[in-house]
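Given as structure tokens, the chain that follows is alone and in the form predicted alone.
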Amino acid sequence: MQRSTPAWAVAVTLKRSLARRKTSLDRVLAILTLAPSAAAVSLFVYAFIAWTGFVSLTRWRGVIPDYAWAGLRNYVRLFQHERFQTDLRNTVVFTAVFLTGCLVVGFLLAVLLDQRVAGEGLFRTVFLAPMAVSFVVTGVVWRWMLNPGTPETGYVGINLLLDKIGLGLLKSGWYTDPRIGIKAVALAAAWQMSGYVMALYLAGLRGIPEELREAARVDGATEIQIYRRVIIPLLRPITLGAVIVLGHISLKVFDLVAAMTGSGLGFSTDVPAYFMWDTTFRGNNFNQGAAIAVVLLVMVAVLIVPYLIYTMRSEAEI
């Protein structure tokens, strides 16, 4: 005689079946939701990256496409180009000044606000305000502020300020001086992004337990020693994250240079992104412009990929 299945077993089986169907339905809905974004990213990002890489290996010079194979000839010619060599040196100088300015000013502003000063909310807004404008606006404003002027036409901006407070000896040609032109551009960029670094450091400082500082004070440490040996080491992950974000901005900066100075006298303020735009859309040398774009992509990847790997490994260990 065949035994009937208990009612509780039937209920469990039915519940599992419904759960599997719900999981399958959720999976299908997730795929349908993400599919348009994945298709758009694949087409407008990765497909165009692949297309740019292909063009950089062709002989396409001029308005009419020419897909004749050129191999690595465009890259060899690019690294032998005197302007591109100048651009690479300018990028190194720009990155050094930009990163140093943002990290130092951002950290000092964060330490100042961490003292619970009156009107902290107002100061935070003022320091973060430059981030609300684009690099184009920053370039226009700083172009006027760093305008050297002349004794005949009169000084303006920072040179006028230095003249009024008796520090006329410090007047400079700023972005018109080939010796310091790229540093003046980096100064404007640092002004815009220092508030962002300040916000990162302030959040990090507020996350450090007060007990650590009190324990250091009990051990006889001065405030400077506390910052050197306790606080700054604890802020190292924030510093690393800020360096990655600011570093990739400095490598691909274009709009600030275009709005402020262009390539400058003797390419003194030229950068690879501006050279790429100039080569591609003014010179119609699409193969050379594509080669510059690929080099820029590799430079950014060299900076970003190790950080992503480090972050993923750290999260996996947690």
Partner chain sequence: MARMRAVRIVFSVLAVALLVSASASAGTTQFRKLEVFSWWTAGGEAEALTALFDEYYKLHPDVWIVNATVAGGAGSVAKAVLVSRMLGGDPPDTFQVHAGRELIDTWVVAGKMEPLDDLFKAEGWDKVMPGGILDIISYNGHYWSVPVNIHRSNVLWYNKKVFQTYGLKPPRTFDEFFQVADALKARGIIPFVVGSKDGWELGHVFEDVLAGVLGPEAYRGLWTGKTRWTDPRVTQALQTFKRMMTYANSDHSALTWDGAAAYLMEGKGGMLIMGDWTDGWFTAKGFKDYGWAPTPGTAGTFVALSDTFGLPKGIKNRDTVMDWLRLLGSKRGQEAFNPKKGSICARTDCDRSLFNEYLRSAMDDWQKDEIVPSVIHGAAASESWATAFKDTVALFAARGDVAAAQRALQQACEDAGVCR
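Residue numbers count along the first chain shown, from 1. Bear in mind that the values here come from a model prediction, so they are computed numbers and not experimental data.
Just so it is clear, the following notes concern the form predicted in complex with its partner chain, a form of the same protein that is not shown.
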Have a look at T91, T138, T239, T176 for me and say which one sits with a heavy atom within 4.5 Å of its partner chain in the predicted complex. T176
As a check of understanding, the residue in R83, K171, R228, R217 with any heavy atom within 4.5 Å of its partner chain in the predicted complex should be identified as R83
Taking its partner chain in the predicted complex, would E120, R206 and P233 all count as contacting it (heavy atom within 4.5 Å)? no
Check whether N147 has any heavy atom within 4.5 Å of a heavy atom of its partner chain in the predicted complex, and answer yes or no. yes
Does E211 reach its partner chain in the predicted complex if we count a contact as any heavy atom within 4.5 Å? no
Does any part of G53 reach within 4.5 Å of its partner chain in the predicted complex? Heavy atoms only, please. no
Residue-level question: is F281 within 4.5 Å of its partner chain in the predicted complex, judged on heavy atoms? yes
Using a 4.5 Å heavy atom cut-off, which of 256-264, 289-297, 38-46, 22-30 contacts its partner chain in the predicted complex? 256-264
Listed by sequence position, which residues of 56-80 have a non-hydrogen atom within 4.5 angstroms of its partner chain in the predicted complex? W60, R61, V63, I64, P65, R77
